[in-house]
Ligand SMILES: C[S@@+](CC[C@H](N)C(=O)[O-])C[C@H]1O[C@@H](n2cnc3c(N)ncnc32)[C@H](O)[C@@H]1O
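One chain follows as structure tokens, the form predicted alone.
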């Protein structure tokens, strides 16, 4: 029943725009996913997403998918823009993409915004009005409300938001670190307690090859790179916004023995081998993130290699670690304020 309602809302979202055959459409996603029902309209659809997994799904559906944190750099002549922010989207990130939607539209084009009342749609609609100057409610299906706004002038009615945040870290190994982050990146306003506990527990040797799995803005990878002065660090994240921040932070701190690239963090390159893999995995993804991480790390570690990750509920993680790595090869290293650092190791 839930899926049927969701499909109904998606179809209604497309119907309110009256998309014509051949229209240029920018799809910013339905909660980060692509709108499959757009394929039925005959429109020329481009899906722009920040997560490589969403883009790959769009491409599998034969939709033109582009990985980018700046949709207006991809399209500047869209007739229609569709956007339903993901449930966990930061408000500043949503505002930024509304700004991007305005820039991506041709004159007379329209942006269609959808969301639930208990997930911020009213504040998003207010920002839509502030930018376009003519927002109106376009419909409702169940809990999903829809709003539209038309581009009637070259410049938005207010200046675009600037969601960059900067701060310094002076109490970590290899300090100081100068950091710049953006809305929508995990722990954008400072170092979170879980990552700090993992850094305090990390045992990095000077020649270690380290992988920071799901790097975010790069805290673990930067510290590991500075400790492993004769080794290196590889930082990977599936989100291009996070990767962009991590790349900038490596340059800002003149860390030369580290690289960052975007990739599905659930998939390990079998050709690469590491001495240490560290991660603060996304708790909300549950086993969908944890199991591939543990299994992939086992294959990607050299003999004597270690996996270290910070979690909040260690039991299920430990159970799977011992199932994959073997009995006695997984243990709790540290715990504080509800966070637990787990370690697993490969035998020599």
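Note that this is a predicted model, so its numbers are computed, not measured. Positions refer to the first chain, counted from 1.
Not on display, but discussed next: the form predicted together with the named molecule.
Though the partner is left out of this view, residue 264 does reach within 4.5 Å of the named molecule in the predicted bound form, counting heavy atoms only. Using a 4.5 Å cutoff between non-hydrogen atoms, residue 220 counts as a contact of the named molecule in the predicted bound form. Taking the partner from elsewhere, residue 233 is found to have every heavy atom lying beyond 4.5 Å of the named molecule in the predicted bound form. Contact between residue 181 and the named molecule in the predicted bound form is not found at the 4.5 Å heavy atom cutoff. Picking from 108-116, 95-103, 238-246, 162-170 the stretch near the named molecule in the predicted bound form, with a 4.5 Å limit on heavy atoms, gives 238-246. The single contact residue among 65, 282, 296, 314, judged by any heavy atom lying within 4.5 Å of the named molecule in the predicted bound form, is 282. Not one of 29, 83 and 143 is positioned with any heavy atom within 4.5 Å of the named molecule in the predicted bound form.
In sequence order, 186, 195, 212, 213 are the residues of 176-213 having a heavy atom within 4.5 Å of the named molecule in the predicted bound form; the partner itself is omitted from this view.
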